[in-house]
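One chain follows as C-alpha cells, the form predicted on its own.
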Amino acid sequence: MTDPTVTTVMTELGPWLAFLTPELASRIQFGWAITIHIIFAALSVGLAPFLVYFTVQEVRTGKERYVRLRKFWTKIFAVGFIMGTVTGIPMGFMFGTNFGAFSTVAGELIGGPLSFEAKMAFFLEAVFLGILLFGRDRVSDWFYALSSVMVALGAWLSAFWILVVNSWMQTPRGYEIVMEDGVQIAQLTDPLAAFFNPRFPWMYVHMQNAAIISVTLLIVGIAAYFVWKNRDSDVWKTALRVGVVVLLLTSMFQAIHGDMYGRHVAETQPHKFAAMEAHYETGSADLHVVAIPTDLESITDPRADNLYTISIPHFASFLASGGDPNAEVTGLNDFEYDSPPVAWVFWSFRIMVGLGFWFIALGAWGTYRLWKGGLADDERLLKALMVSSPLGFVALITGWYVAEIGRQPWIIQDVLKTSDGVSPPVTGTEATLTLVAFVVGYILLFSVFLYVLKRIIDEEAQRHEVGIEEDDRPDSPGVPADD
C-alpha cells in the first residue's frame, strides 16, 4: 500500500520532475549506464591478451619482470571485472523496467544470447580469474598459463554474445513477425542468420580491436609514468616496448577496418552515414576533415553552411560507394522518419576518428624511438603517452555513440522505433528520478574504481622509490603445486 505522504510529495513535485519524457529519460539512463559500463567491459576484453602474454612469458622464462607485470595487471583486471559486473547487471533489468515493449517484441531473440553470456562466458571468466589471483603456488605452471587463456576466452565470449544482440538490433535477420495474444513479436526462425547477421563481424572486430587499443594506451601511459620516474626499470621498460608496437599495429588496422566498416554502414544504415557527415540534401557528399563550430547553433545543429570546414569534395561519396566520387548519398531530409540526434553523431564521429589518427602517430613515434634506441629517454614521448592514456576509452565511447545514437529513431532497425519500445506504464517523473539515481550511483562507482586504481599505482610507485624490481613474496599463502 502506498504511503499517502509519499503520494502527496510526488504529486506536488511531479510537474517539476517530469521535464523529460519517459522515452528520453530512459534513453539517457541506458546511455549513461553503458557509458560507464563499457569502460570496464573494454578493460576486460583489451587486457585479456596482455595477461596471457605476461603469464606465458613468466612461465616460459621465469623472469621477474613478467612476474611483476602479471601481478600488477591481474589486480587491475580483477577490479575492472568486479566493477563491470556491478555496473552491468542493472542494465539487464532496464530492458524490463524501461523498455518493456521492446523486451516483449524481441525477447525471444535477445534472451538466449544474454543468457549464454552469463552462463557460458561470465562464470568461465570468474572461475579462472580466481586461479590467476590466488592459485600461483597451488597449481602447476602449465595449468596456471592455461587459466590466463581461459580468462581471456571468457572475456571475449562475453563480448561475442553481447555484440550478437546489439548487431542484430542494427541489421536484424533470422526472424519473422508473428501475432501472439494480440501482440506482435519477433520469432526466431534461423539462429545462425540471427546470430551472424551482416553487422556482427564488422562490429565484433572493430569493438575488440578498439578495446585492445584502449588498454594498450593505458598500459603505455602507466609504463611511461614509471619509466619517467625510474629510467632503469626493466619491468616497465618491457611493458613500454611491447605497448608501443601493439599500439602502432592495432591503430593502423583500426583505420583500415574502419574505412571498410563505414561502407557497410552506408549500405545498411544510410541515415546513420548521413548523420555522420551532417549530409542533409541528397547528392554527392563531401568529407569534412576539419569542422569547427562558428556559434552555439553550429554545435547543436551542424550543417555545412554554419560550420567552418576543411573538406575533401565528393570524398564521402567515394568512401560510401567504395570508389565512385559522384555516387549519390541520401540526405537526412529525404528519409521518411526522423533523423537521429545529428550533433551527437557528427561530433562523436570526428572525435573518434581524430583520436584514431593521434594513436597512429603515437604508435609510430614510439616504435621509431624503439627502433633507433632511446625509447625510455624521450621525455616528450613519455609525457605524451601519459597524457594520452585515457584517450582510448574516449575514442571507444564516442564510437559507441555513433553506433547507437546513429541508429535512432530505431531500437530495432526498420522493425521497432525506440518510442514504441518504452515500457507503457513508466511516467516521465519515474524515469527522470531513476535517471538521477543512476547518474549519482554510477559516478560513485566510477570514483571508487579510480580510487582503487590510484592505490594500486601508488603501491607500485613506492616500490620504485626504494628500487625494488621484483617481489619474492608469494601471491598468497598456499602449498606447492605438487601437494
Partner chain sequence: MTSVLSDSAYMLESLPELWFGLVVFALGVYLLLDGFDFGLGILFAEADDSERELMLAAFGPLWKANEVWLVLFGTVLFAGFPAVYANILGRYYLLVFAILFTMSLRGLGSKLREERDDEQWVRFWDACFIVGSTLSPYLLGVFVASWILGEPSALAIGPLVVGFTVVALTVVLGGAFLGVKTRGELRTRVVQRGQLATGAYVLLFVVTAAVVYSQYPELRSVLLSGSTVALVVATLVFAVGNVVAASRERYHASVLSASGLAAALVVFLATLLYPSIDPAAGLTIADAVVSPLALNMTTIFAAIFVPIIVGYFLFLYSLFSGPVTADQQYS
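Note that this is a predicted model, so its numbers are computed, not measured. Numbering follows the first chain given and starts at 1.
Just so you know, the form predicted in complex with its partner chain exists too; it's not on screen, but the next bit is about it.
By the criterion of a heavy atom within 4.5 Å, Ala431 is counted among the residues contacting its partner chain in the predicted bound form. Using a 4.5 Å cutoff between non-hydrogen atoms, Val86 counts as a contact of its partner chain in the predicted bound form. Among heavy atoms of Lys372, none comes within 4.5 Å of its partner chain in the predicted bound form. Mapping the unseen interface onto this chain, Gly62 falls outside it, with no heavy atom inside 4.5 Å of its partner chain in the predicted bound form.
Contact with its partner chain in the predicted bound form, judged as any non-hydrogen atom within 4.5 angstroms, is confined among 104-112, 246-254, 349-357, 215-223 to 104-112. Of the residues Ala291, Ile405, Met120, Ala384, just one reaches its partner chain in the predicted bound form with a heavy atom at 4.5 Å or closer; this is Met120. Proximity to its partner chain in the predicted bound form, taken as a non-hydrogen atom within 4.5 angstroms, holds for one residue of Val439, Ile28, Val415, Val448, which is Val448. Although its partner chain is omitted here, in the predicted bound form none of Leu24, Trp73 and Glu328 has a heavy atom within 4.5 Å of it. Residues Gly112, Leu114, Ser115, Phe116, Ala118, Lys119, Met120, Phe122, Phe123, Leu124, Ala126, Val127, Phe128, Leu129, Gly130, Ile131, Leu133, Phe134, Gly135 are the ones in 112-136 with at least one heavy atom within 4.5 Å of its partner chain in the predicted bound form, listed in sequence order.
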